[in-house]
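As a starting point, one isolated chain is supplied in structure tokens, in the form predicted on its own.
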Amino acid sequence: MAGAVSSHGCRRLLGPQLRDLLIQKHCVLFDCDGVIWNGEKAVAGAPEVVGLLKKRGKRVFFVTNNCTRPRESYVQKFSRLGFKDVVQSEILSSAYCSAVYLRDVAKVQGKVYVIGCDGVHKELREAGVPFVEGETDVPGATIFDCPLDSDVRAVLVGYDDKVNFLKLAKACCYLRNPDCLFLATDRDPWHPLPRGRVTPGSGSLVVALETASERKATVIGKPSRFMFECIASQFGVDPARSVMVGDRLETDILFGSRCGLDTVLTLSGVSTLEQAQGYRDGRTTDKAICVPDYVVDTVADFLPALAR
């Protein structure tokens, strides 16, 4: 059964097994960071894998919780790193999906207050979703005397490297209204940086606001099903004929499992084989859904399976 977890989870995939898997699948979903690139360097073999999958008639999509850039910027990055013929419709970021959710599902009648980077702002603007713009930091301003927009009907929280206490306080004030939606692009707790450093992710800001507002955010990005629903509704993708390739157990693999996809963990990013095996062999069942069906070292392991 697609996405099923059993004692056979974490199976190593080699050429013949990978070939058999890809014969069964029509659609391959990739995470980006840690899977097909690390920073400004493509994972070795990744451009060739994507190109060969398309040449073999497979549908390829890229699903990322990174909300810092708009999809058009991702297209440019793919091209810059040697990926050919990646088009904007194949890229689903948490910023884009949040804009789609606000426009097509929530149908917000008012403005959105955003904690996030330009990627979120540009996707909202592209989708025609109004949000609070043009705020300038007044020296010495506090939540006691700063203006609030009476037309705000939703708060959207994503990664924001310019976040400050006043932004959080404004969001809390808006969320006092029970009719104000509370959305998060994703719950990623942290992101790896060069030289072993990390930066807090969107999830750290979401938890802060959940604590202060005593409310729970609706999460749009992985592991929420909504990102796959966007693909399925637009392109008619069958989960039973799809596979998710990612590097994070609690986001990518959980996302694939929840959506009924087979899952492949690549060891070129965040999660390790030991963590996956620990979840598989653990006595508790709450992490069982995070166990990948298969494991590869990197996406370059797909190359022998795609060779004719």
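Being a predicted model, the structure only gives us computed values, none of them experimental. Quick note: we count residues from 1 along the sequence shown, nothing fancier.
One more form of this protein should be noted, the form predicted together with a further copy of the same chain, which is absent from this view; the next part is about it.
**Student:** State the residue from A106, C172, A232, V75 whose non-hydrogen atoms include one within 4.5 Å of a further copy of the same chain in the predicted bound form.
**Tutor:** The option sitting close enough to the partner is C172.
**Student:** Just to confirm, with a 4.5 Å cut-off on non-hydrogen atoms, which of V132, A127, I143, L81 contacts a further copy of the same chain in the predicted bound form?
**Tutor:** Exactly one residue meets the criterion: I143.
**Student:** Are all three residues W190, L193 and S204 in contact with a further copy of the same chain in the predicted bound form, where contact means a non-hydrogen atom within 4.5 Å?
**Tutor:** Result yes, every residue of the spot touches a further copy of the same chain.
**Student:** Heavy atoms, 4.5 Å, a further copy of the same chain in the predicted bound form: which of 96 to 104, 207 to 215, 119 to 127, 222 to 230 makes the cut? Say which one.
**Tutor:** Within 4.5 Å of the partner lies stretch 207 to 215.
**Student:** Contact between G110 and a further copy of the same chain in the predicted bound form at 4.5 Å, heavy atoms?
**Tutor:** Judged by the heavy-atom cut-off of 4.5 Å, G110 is well away from a further copy of the same chain in the predicted bound form.
**Student:** Report yes if any heavy atom of S89 sits within 4.5 Å of a heavy atom of a further copy of the same chain in the predicted bound form; otherwise report no.
**Tutor:** No - in the predicted bound form, heavy atoms of S89 and a further copy of the same chain never come within 4.5 Å of each other.
**Student:** Does at least one non-hydrogen atom of N164 fall within 4.5 angstroms of a further copy of the same chain in the predicted bound form?
**Tutor:** Looking in the predicted bound form, residue contacts with a further copy of the same chain include N164, since a heavy atom lies within 4.5 Å.
**Student:** Do S150 and a further copy of the same chain share at least one heavy atom pair within 4.5 Å in the predicted bound form?
**Tutor:** S150: no contact with a further copy of the same chain in the predicted bound form.
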